[in-house]
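Okay, so here's just one chain, in structure tokens, the form predicted alone.
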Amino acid sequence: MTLITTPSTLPPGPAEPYDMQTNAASFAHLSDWVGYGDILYIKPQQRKAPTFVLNHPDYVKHVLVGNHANYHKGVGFERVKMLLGNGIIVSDGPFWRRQRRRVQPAFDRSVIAGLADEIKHINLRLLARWQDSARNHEVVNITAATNDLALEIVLRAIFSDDFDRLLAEQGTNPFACLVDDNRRDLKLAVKFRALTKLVAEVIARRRQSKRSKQDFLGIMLATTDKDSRSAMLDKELIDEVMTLIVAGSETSATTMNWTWYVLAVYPEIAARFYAEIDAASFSAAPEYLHLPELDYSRQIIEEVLRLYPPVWLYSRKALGEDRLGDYVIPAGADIFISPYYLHRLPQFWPQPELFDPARFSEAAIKARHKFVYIPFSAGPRRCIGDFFALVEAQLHFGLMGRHFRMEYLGERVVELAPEVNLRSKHPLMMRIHER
């Protein structure tokens, strides 16, 4: 790839050179720099390529949809690749397209509906633990609880009863390192990648038994590429499984963590949330068929995703020269898009810091620019598990909301930890009260 000469007319931006990263320093800098306008230019510091940050939905649409073939994964994915391998989050080009087609059937809505009963039973086990905590007036680490919950849900969605076999063989959840250690460094990557051996053993047993299962792994094993008619190789399957474990647990856990915080600190929002659940037709726990009755719960979750998008910064690399508005984007340029700041543009989000679930009524969604809300990215590379994550959260809050209210015991303004995912810097501690 050859960089062309930087155009003479550049967007506004900071005078000092800087290399964007998924860390707190870049998050703070962007807070100051988004005021430069719809597109800003940052001179590189150590990198060779210029950086452009997009902060308008028209530009976001162009890069992620209109001319998406010109933009591959950008800086920062080398670190992610160490953890995930070459799964669909990291891969590009023809290989990515083939893998995306192979993975997509696992996330068909009929498959998610079939997994809803398992999600319900996982939540019922948590319900029993929280009932004990409430009766004993215990303070619960909600961040840890939602981390554990989301990890178990995605593991059982992938492996179903093979997960029980792993637990029996290992004596504990071998993937718990993801929730026990928040760091996403080389040390964790080595520990996590060592677990590929266990995944390979499950795959080998599945191939040998020739039993078909309607879990994520079973469907990926059975799916072939429509062009080559070939199935995934074991290495390809392993990388996709490892990708689903990390992406499917961390984003969901973060969303549920922030949602409990919102329900604890906004009593008027919580009152309407509880009223919807109390009026719903399910008697014990919500099923997939009850999700339409939990529409206000969905709006709350969507508004949480607006204010606290799990992935707060996306990166792309321009393969060839392009143009955005009045500006030339040179080949090789680094492109960054921050949902966190895009979701706060006042021209699209009146009173952007106000938590208002009504922003996600059907009428409000239709009236708004589609690309000003991208918690799951957009276009061909939109997160494959977005619907699964929403169903998972609705089933969780539908059940727990019928039984509990949360009393948040920390400071009202929670300090953020903007790393690969947008976490709360410290665990959210809450006292659970039975309703």
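Quick caveat: nothing in here was measured; it's all calculated off a predicted structure. Counting begins at 1, following the sequence as shown.
In what follows, reference is made to the form predicted together with a small molecule, a form of this protein that is not presented.
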query	finding
Residue (of Gln299, Asn123, Asn257, Thr251) lying close to the small molecule in the predicted complex, criterion heavy atoms within 4.5 Å	Thr251
The single option of Phe52, Phe397, Phe27, Phe388 touching the small molecule in the predicted complex, heavy atom within 4.5 Å	Phe388
Partner proximity in the predicted complex: His369 to the small molecule, non-hydrogen atom cutoff 4.5 Å	no
Partner proximity in the predicted complex: Arg316 to the small molecule, non-hydrogen atom cutoff 4.5 Å	yes
Val65 within 4.5 Å of the small molecule in the predicted complex, heavy atoms	no
Interface membership of Pro310, the small molecule in the predicted complex, 4.5 Å heavy atom rule	yes
Contact stretch among 347-355, 228-236, 317-325, 83-91 - heavy atom within 4.5 Å of the small molecule in the predicted complex	83-91
Candidate site Trp130, Tyr261 and Arg435: all three near the small molecule in the predicted complex by heavy atom within 4.5 Å	no
